[in-house]
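Take a look at this one chain, the form predicted alone, written out in structure tokens.
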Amino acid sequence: MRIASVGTAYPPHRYSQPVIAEALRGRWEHKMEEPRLLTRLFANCGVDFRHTVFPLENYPALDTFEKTNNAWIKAAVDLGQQAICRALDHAEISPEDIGAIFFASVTGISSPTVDARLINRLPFSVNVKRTPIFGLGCVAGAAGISRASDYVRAFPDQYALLLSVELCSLTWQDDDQSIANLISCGLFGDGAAAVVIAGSETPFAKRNKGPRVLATRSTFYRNTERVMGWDIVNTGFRIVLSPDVPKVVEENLLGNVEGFLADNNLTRDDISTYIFHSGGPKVLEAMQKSLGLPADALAPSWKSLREVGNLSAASVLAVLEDYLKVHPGKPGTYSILAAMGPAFCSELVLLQW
């Protein structure tokens, strides 16, 4: 089974980090003892630009969970359609070819789900299998690839589609000026990504294009519920973001990777590239330190963070797109794709080019 393609899509409104900081400072400075703190925190997020669903001046009117969630549904369907069409075009297949859809998001909810709404827009089969995933947060991009790969392993003549849409600007909380919320508002961006996974007996896989998915590994860290996630409140999603996130990464990632590779008769010396979720400067630094990587080893992840921010589940998929289009591995070489997120947990995917 192979990763056939990635397609990304971003909202039309793109702002520099200082412009976003100034807009939020104007909204919140009367609620903060030290408004300049917001500007300093934003400057340290490693983000130069981000996309937002709406112009910045429209956000104060989104003052209830109902308004923000309704906006999320409409925008998620629109962006999701764009990302899917691009991924299908890159793979040179049509919606009718897809046997299963996996949809991941943690920034909004709907029933029927976004994937169902997209079936009414695009000519997917009425028998396509659907698996909506909510709550995995940043790890869901890698976990979604794993679950889609599980599907085509069972049905090798089929294609699976993973879609992630994350509209993080719709979770900004006007009544929360905690450090966690300020960092979250300075780090996360809006965007969508779709990935096509081709079963080993599909025409695409038989052309030996795209990296093979060799193995996957999920690891759950017990009793870490308050490291990352959401508290669901009257106004929507309130961030849970512990300063211990980099510590948890640094303490666990090396053992996870080495154990995973050993079970596949490999070592870290066999890995040519690491395709990592752009979690933020401290998270990327913790990943580099844990694995003893040189400073440029995660350059595409740092680039994605600078250009679009942390896209939650879609982030690692955007980084994967960069590897497929700009930095593909040499034939026969190995890569690790990885993300970490709420629970706390990690997801590793072993690829061979």
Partner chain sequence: MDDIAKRSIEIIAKAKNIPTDTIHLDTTFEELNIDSLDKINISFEVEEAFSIEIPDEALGSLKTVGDVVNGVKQLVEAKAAAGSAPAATS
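Numbering follows the first chain given and starts at 1. This is a predicted model, so every value here is computed, not measured.
One more form of this protein exists, namely the form predicted in complex with the partner chain; it is left out here, but the text below deals with it.
Picking from 304-312, 290-298, 29-37, 319-327 the stretch near the partner chain in the predicted complex, with a 4.5 Å limit on heavy atoms, gives 29-37. Contact annotation: I179 falls within 4.5 Å of the partner chain in the predicted complex, judged by heavy atom distances. In the predicted complex, none of the heavy atoms of N70 sits within 4.5 Å of a heavy atom of the partner chain.
In the predicted complex, L56 stays away from the partner chain, with no heavy atom inside 4.5 Å. Among heavy atoms of K282, some come within 4.5 Å of the partner chain in the predicted complex.
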